[in-house]
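First, one chain by itself in C-alpha cells, the form predicted alone.
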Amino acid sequence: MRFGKVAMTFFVCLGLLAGVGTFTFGYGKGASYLSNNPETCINCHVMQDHMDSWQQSSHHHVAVCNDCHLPHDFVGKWVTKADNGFFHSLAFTMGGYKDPIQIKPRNQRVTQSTCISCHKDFVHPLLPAIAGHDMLSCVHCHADVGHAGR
C-alpha cells in the first residue's frame, strides 16, 4: 500500500502530537490529578505555600483540597477539575500569574458553596432568604480556616 505525501505528513504529525502529549502527561504527573491526594497540588512548586498553610489549618484533619475547591457533585467536580487543570497548566507554563496565586471568582463561588454544604446545619439561619442573593463570603471572617496564616 502506498501512502501519498499528505497521508504520510498527517501520520507523522499525529505521531508527534501523541508523543508530545504522552510525554507531557507523564512529566506533569497527569494521572495523579485523578486522585484525591493533596500531594498532587504540589506537583507544581507554585502551590507549596498553599500546602504548607493548609497543613497548619484547622481543616487539615477533616478536609483535603478537593473537598473545599471542587463541587461535590460528579459532573461539577470533573468539569471544575478539568477547567482548573487546563488554566493552571497554561498559567504555570506560560507565566503571567500572580504569586501567590489568586483564586478566580468562579472558584470562590465553588469554595463558598462547599463551606455551606459541609456546615449547613450551622449556617442555615445566616443564608439569604432568597437563593442566589448576596451574602458575605465565609472566608471574609474565617480566612485562616483552610489556609492558616494567609
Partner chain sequence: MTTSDNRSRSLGWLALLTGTVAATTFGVVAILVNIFERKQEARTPFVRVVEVDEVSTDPKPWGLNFPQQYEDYLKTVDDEYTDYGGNHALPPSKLEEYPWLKRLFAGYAFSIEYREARGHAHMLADQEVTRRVTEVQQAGACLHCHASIIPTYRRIGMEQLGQEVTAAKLAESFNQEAVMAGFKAVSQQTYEEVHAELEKTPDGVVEAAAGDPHLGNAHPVSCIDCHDPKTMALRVTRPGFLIGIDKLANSDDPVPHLPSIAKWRKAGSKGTYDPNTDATRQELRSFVCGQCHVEYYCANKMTLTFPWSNGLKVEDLEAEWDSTTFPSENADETGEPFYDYVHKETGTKVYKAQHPEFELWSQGIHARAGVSCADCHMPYEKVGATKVSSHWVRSPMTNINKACQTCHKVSEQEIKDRVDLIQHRTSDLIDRAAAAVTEMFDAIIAAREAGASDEQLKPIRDLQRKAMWRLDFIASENSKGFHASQESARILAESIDYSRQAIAGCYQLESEPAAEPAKGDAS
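In this text the structure is predicted, and so the values were computed from the model without any measurement. Only the largest set of C-alpha atoms that superpose within 1.5 Å between the two forms is called the rigid core. Positions refer to the first chain, counted from 1.
Just so you know, the form predicted together with the partner chain exists too; it's not on screen, but the next bit is about it.
Note on the partner interface in the model of the complex: the residue among L70, A63, V46, I116 having a heavy atom within 4.5 angstroms of the partner chain is V46.
Though the partner is left out of this view, R109 does not reach within 4.5 Å of the partner chain in the model of the complex, counting heavy atoms only. Put simply, S137 is far from the partner chain in the model of the complex: not one heavy atom of it is within 4.5 Å. With a 4.5 Å cutoff on heavy atoms, Y27 counts as touching the partner chain in the model of the complex. By the criterion of a heavy atom within 4.5 Å, D121 is excluded from the residues contacting the partner chain in the model of the complex. Exactly one of the stretches 121 to 129, 54 to 62, 98 to 106, 77 to 85 approaches the partner chain in the model of the complex with heavy atoms within 4.5 Å, and it is 98 to 106. In the model of the complex, the partner chain lies within 4.5 angstroms of at least one heavy atom of each of the following residues of 5 to 32: V6, A7, F10, C13, L14, L17, V20, G21, F23, T24, Y27, G28, K29, in sequence order. L126: CA moves less than 2 Å between this form and the one not shown after rigid-core fitting. Here T24 counts as shifted, since its C-alpha moves by at least 2 Å between this form and the one not shown after the core is aligned. After superposition on the rigid core, the Cα of M135 moves by less than 2 Å between this form and the one not shown.
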